[in-house]
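Shown next as structure tokens: one chain only, the form predicted alone.
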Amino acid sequence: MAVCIAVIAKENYPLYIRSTPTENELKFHYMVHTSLDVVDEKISAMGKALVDQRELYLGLLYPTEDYKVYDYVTNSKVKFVMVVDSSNTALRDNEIRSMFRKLHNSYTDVMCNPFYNPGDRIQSRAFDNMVTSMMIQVC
């Protein structure tokens, strides 16, 4: 089950973070921010090939004892980070990829809102409902 979903801006500050067990919220914030180092390493290792790629799903960044951290990067360098409970073995890579596509589409809808200023925290109820449904769906 997905326990944390985050949207990180190009400059590595959080636009949106949502986690289900709120008692471990600080732990998930730490996991999301430490994963950004791995994302930067993967992006720099890909170099020129990254520009030519259409889909920027980076896959599993790193596993811990209890969780697995996945990442997806858009063309505008906005990062989507998903922390998944490692006890959920039924969740496959292509399902996580489709979840990131849904998240990206919903993020695009937020960006198309004329009242949203790019770079501000995401406070869209529709985006929040979509993230909630993704977390429930995976459970």
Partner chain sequence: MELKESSLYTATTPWFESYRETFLQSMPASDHEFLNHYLACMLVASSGEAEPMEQFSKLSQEQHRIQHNSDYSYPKWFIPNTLKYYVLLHDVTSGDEQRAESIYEEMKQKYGTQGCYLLKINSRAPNRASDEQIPDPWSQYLQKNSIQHQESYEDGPCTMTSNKNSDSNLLSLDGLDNEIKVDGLPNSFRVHPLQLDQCGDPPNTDGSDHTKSASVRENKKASTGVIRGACLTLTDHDRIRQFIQEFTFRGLLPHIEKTIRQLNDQEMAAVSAFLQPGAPRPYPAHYMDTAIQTYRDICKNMVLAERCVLLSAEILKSQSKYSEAAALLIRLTSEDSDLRSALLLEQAAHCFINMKSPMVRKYAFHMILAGHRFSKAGQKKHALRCYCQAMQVYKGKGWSLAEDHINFTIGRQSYTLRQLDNAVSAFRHILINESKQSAAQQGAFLREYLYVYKNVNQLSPDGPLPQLPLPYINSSATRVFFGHDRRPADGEKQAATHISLDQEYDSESSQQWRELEEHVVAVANKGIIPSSFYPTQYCLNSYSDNSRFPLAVVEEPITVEVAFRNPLKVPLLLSDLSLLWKFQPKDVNGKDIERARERARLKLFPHHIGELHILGVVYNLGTIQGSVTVDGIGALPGCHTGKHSLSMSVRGRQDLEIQGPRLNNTKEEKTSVKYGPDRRLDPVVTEEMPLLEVFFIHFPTGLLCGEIRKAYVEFVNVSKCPLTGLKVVSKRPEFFTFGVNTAALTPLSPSTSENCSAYKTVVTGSPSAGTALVSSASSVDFGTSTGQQLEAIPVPLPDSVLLPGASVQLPMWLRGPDEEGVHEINFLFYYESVKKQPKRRHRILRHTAVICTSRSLNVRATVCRSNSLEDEEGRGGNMLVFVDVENTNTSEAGVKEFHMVQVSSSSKHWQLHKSVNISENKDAKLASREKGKFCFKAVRCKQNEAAVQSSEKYTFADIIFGNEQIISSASPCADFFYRSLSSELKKPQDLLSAHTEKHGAEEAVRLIQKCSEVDLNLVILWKAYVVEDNKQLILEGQHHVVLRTVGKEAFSQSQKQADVDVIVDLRHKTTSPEALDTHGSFTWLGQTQYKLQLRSEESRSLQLKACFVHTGVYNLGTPRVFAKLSDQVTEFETSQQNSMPALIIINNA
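Residue numbers count along the first chain shown, from 1. Since the model is a prediction, treat every value here as computed from it, not as a measurement.
As for the form predicted in complex with its partner chain, it is not shown, yet the points below apply to it.
In the model of the complex, none of the heavy atoms of I122 sits within 4.5 Å of a heavy atom of its partner chain. In the model of the complex, E41 approaches its partner chain with a heavy atom inside 4.5 Å. By the criterion of a heavy atom within 4.5 Å, V32 is counted among the residues contacting its partner chain in the model of the complex.
Looking at C112, you'd find every heavy atom of it more than 4.5 angstroms from its partner chain in the model of the complex. The partner is absent here; in the model of the complex, the one residue of L36, L91, M46, L60 having a heavy atom within 4.5 Å of its partner chain is L36. Contact residues in stretch 98 to 113 (any heavy atom within 4.5 Å of its partner chain, taken in the model of the complex) are absent; none meets the cut-off.
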